[in-house]
Ligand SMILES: Cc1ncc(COP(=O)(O)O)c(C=O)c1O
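As structure tokens, one chain now follows by itself in the form predicted alone.
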């Protein structure tokens, strides 16, 4: 705790001396020194409270007492690797299985989303006997070498595209080739995948897998058109490959309507492999791969064991179980649907008022606000987005940008983000865009109507700082 007493300037100086400059900070011009978190709030060394709209890792809220307690209690008893028989790992796998389609019934536990996607790549290649991968443009799937190779967001600034990697257009109906006025963008974008696959096959390449975030995040908070994944899966499977749904940023009820974002694509759509991370442990390093019996059996047929020193440990599984408990007890999936819908409504009002707001897209608490310079060209307003993020920070709201043009404001807050938080954030955004110091505006009226219509079991405000004994 002694380090907490160090001044921000001293901490920053030490970081610059000891850490690589490639390990970047949020708000590098004026970094925030965060020393504490609770719920959807974070606090700096001076005690200033910030609303956290960035942190999808603290899925059920920073330092949730039930999650902290679960880790602490298990740590006091036992923490070891998964080669010993223990109830926690099987209890956790069983709980996860109840949230997924029946076909996805074999689980591997790991430490990070990067490890999960790396294992998914290995599983796909072993099962299919093929090597090549189809990915979406601007995708990011992790920081391991194997995943940099399938992440256009990264490899274009490094060694470039490998011959075994094939890039399909991002299914973006706002900026892509098939837009909101297209009669069937799902089929059109899926046909682009088919074209990419056919081109690869003409060169003698064989497709092992199609990787996609169920909702592409780095690409700009994209919502693929409904029906796109089933169409793509058909093309990929006919080519002998498997479909990998990366749920690392968007799973566990964030989309509100469903527990998994891939379920937005239709009740009958089932990926061959699903990867999980980030939110699964609420900040504890837990990740998971779920797959089918057929894929798992092919992997087992090599005779080479799969082992992860920390993946599936009693403590990690206790944490994972606690996260699932909190999601259920606090109805956070329904909460995400309610608050997300309210936030989208408020942002939609601002779009009518401010021409810079080009597109408001999202589902649940996964929302993107696309800032543009011109409505006709939809040119990304990158500098303006940076300005907005900086001004929001001055108003104690932490937000960041994404998308190829770094012009999309991304909302991925902890799931306890409240209706009051939504109103406050949009009011400040309105004030910044109008150049006014206040900015309550029309948001107040929408808040009142939304509060009246929300489910009776839904708390009117999940802000817990004033009520520390309730979470």
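None of the values given here were measured: they were computed from a predicted structure. Numbering follows the first chain given and starts at 1.
The same protein has a further form, the form predicted in complex with the ligand, not shown here; the description that follows concerns it.
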| property | result |
| --- | --- |
| Triple contact flag 128, 209 and 235 to the ligand in the predicted bound form, non-hydrogen atom at 4.5 angstroms | no |
| Heavy atom within 4.5 Å of the ligand in the predicted bound form - residue from 95, 195, 378, 143 | 143 |
| Partner-contacting position among 213, 370, 272, 172 - heavy atom within 4.5 Å of the ligand in the predicted bound form | 213 |
| Interface membership of residue 251, the ligand in the predicted bound form, 4.5 Å heavy atom rule | no |
| 4.5 angstroms heavy atom contact with the ligand in the predicted bound form for residue 114 | yes |
| In the predicted bound form, residue 278 touching the ligand (heavy atom, 4.5 Å) | yes |
| Partner-proximal stretch of 241-249, 385-393, 323-331, 358-366 relative to the ligand in the predicted bound form, 4.5 angstroms, heavy atom | 241-249 |
